[in-house]
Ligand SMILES: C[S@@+](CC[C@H](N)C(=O)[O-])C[C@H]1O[C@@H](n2cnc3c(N)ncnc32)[C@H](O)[C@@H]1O
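One chain follows as structure tokens, the form predicted alone.
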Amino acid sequence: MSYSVQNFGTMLLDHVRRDAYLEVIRRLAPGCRVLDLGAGTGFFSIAALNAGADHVVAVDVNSAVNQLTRVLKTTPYEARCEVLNADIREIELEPFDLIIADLRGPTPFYGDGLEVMSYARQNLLTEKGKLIPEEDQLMACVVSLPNWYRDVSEPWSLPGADWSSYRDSVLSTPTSLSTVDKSTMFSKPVCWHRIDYSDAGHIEKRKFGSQNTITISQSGLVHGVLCWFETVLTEDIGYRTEPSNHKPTYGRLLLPFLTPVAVSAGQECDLTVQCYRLKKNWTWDWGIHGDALMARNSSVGVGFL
């Protein structure tokens, strides 16, 4: 996906994400050579310069970063900031004391973000340099979303033909949801994977996931598995995109079931979430199963992110 300048502006309105990154920059950037990786409009680059960074390189494959050169002319920092519209894997750069990155979508499994992070970890850090973020925990729970399910299913129930193959295609496609209330959660969240950004080999893996036992918290119909991340940027600074009134930059990832599943409070089942790289796409498998309970789906052949 290619973001527009308007998209980047919307990201800056996510105060939870923005304030966490700004606190890291205030704490770690002074005196450092800083790489703003996936810089977008360069907001964090300017913040690093304001915090006392010696030099900043703002890099993004998106051409929006080029407009940062105009912004820099309105600041005293023009000589201390380099702007590059490029892929870091295709240019030569000197190592950095601090690399600040947010290459995620609703989860870190977005495009080639993990490959870029691995490259940065191995090739662009000084011996004592720091890569931000340090860790992401991937969380999941089952959710009840009757209104969402009705809205995406209704078009394919119209008369004239059997449109169910289109409905099934929609319901096999992971989708980002901006607004998800806690009341939709029908189980406590579980961690289905942890990404350690200090380990380049771990980041380079092409398959992630696990199976966890969950207990259904209330009776009703569930419509899929909701995934989000909890990040540690550094030490005691981080944020999470769990269901709440907050609308995170990238939303949360819904993995839908083909049909609603009836569950009962206190019922135990196994929740499986797996994500793997298939050529250039991230592909997902997900499901729940237990006594008299089974739902499984996959995005194979659909492609997402």
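The shown structure was predicted, so the numbers you read here are calculated from the model rather than taken from an experiment. When you see a residue number, it is the position in the sequence shown, counting from 1.
Missing here is the form predicted together with the named molecule; even so, the following discussion is about that form.
Enquirer: Choose from 52 to 60, 24 to 32, 260 to 268, 275 to 283 the stretch whose residues reach within 4.5 Å of the named molecule in the predicted complex, heavy atoms counted.
Expert: Of the options, only 52 to 60 has residues within 4.5 Å of the partner.
Enquirer: Establish, in the predicted complex, whether L12, V116 and Y250 all lie within 4.5 Å of the named molecule, using non-hydrogen atoms for the distance.
Expert: Judged in the predicted complex, L12, V116 and Y250 all sit within 4.5 Å of the named molecule.
Enquirer: Heavy atoms within 4.5 Å of the named molecule in the predicted complex: does R121 have any?
Expert: No, R121 sits far enough from the named molecule in the predicted complex that none of its heavy atoms falls within 4.5 Å.
Enquirer: Within 4.5 Å, heavy atoms only: does R89 come near the named molecule in the predicted complex?
Expert: Result yes; R89 sits at the interface with the named molecule in the predicted complex.
Enquirer: Under a 4.5 Å heavy atom criterion, is L93 part of the interface with the named molecule in the predicted complex?
Expert: The answer is no: L93 has no heavy atom within 4.5 Å of the named molecule.
Enquirer: Look up in the predicted complex whether R104 has a non-hydrogen atom within 4.5 angstroms of the named molecule, and give yes or no.
Expert: Contact with the named molecule, yes.
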